[in-house]
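So this first bit is one chain, no partners, the form predicted alone, shown in structure tokens.
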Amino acid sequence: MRAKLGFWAQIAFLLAYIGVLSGAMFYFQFGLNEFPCPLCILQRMGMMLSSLGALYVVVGALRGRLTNTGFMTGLGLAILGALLGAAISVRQILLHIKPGDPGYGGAVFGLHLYTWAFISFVVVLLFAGALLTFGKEFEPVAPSSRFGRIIAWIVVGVFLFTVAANLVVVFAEEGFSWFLPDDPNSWMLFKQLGWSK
């Protein structure tokens, strides 16, 4: 029972970051026309790296090849990604900590996206730490039902699509430049190709 709970907890991890990455890209970036700054992009990369840990565990379980070592490797990836992302989030929080500073970009429930990113990375660290504490008890086992396996593979596919879409969007924003502008306000690739002013 706990092994199945461990599997669906990893699926929930992927779904949570699919939601966060999609919301940042489709709602804030496309809907509100708020271009992410370099630190925002790095936080997204931290989320993707962290989620690769859950992806590694889920795919290993679905293929029936997940070992104790593989489980710990996945949790280690999640921790490394969360530590990297948390450090970048703290850096951006500290840039806007001065009283009266409006912060960068929009806010959700009164907190900017980089603050929410930091909170999400702390949750990942707590999640991975709890699973490491209990060890083998929550080592994921793929569902035996065909329906459960199909749902899991769909989540994996949607996650991979979300990562690919984010990478394409970052390339369109940065173009062929080595660096992203500190305060981006246009699609550099389209300007460089002469498709926009």
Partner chain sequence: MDTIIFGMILATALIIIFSNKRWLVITCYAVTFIATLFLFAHHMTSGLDLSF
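Predicted model only: the values in this text are computed from it and were never measured. Positions refer to the first chain, counted from 1.
Not on display, but discussed next: the form predicted in complex with the partner chain.
Q: Quick check on V108: any heavy atom within 4.5 Å of the partner chain in the model of the complex?
A: Contact with the partner chain, no.
Q: Determine whether any heavy atom of L126 comes within 4.5 Å of a heavy atom of the partner chain in the model of the complex, and answer yes or no.
A: No - in the model of the complex, heavy atoms of L126 and the partner chain never come within 4.5 Å of each other.
Q: Can W153 be called a contact residue for the partner chain in the model of the complex at 4.5 Å between heavy atoms?
A: Taking the distances in the model of the complex, the answer for W153 is yes, it comes within 4.5 Å of the partner chain.
Q: Check whether R146 has any heavy atom within 4.5 Å of a heavy atom of the partner chain in the model of the complex, and answer yes or no.
A: Heavy-atom contact with the partner chain at 4.5 Å: absent for R146.
Q: Looking in the model of the complex, is the partner chain within 4.5 Å of a heavy atom from each of M48, V59 and L160?
A: Checked in the model of the complex: all three residues contact the partner chain.
Q: Have a look at A142, L66, I41, L131 for me and say which one sits with a heavy atom within 4.5 Å of the partner chain in the model of the complex.
A: After the contact test, the surviving option is I41.
Q: Using a 4.5 Å cut-off on heavy atoms, what residues in 166 to 196 are near the partner chain in the model of the complex?
A: N166, L167, V170, F171, E174, S177, W178, F179, L180, D182 sit within 4.5 Å of the partner.
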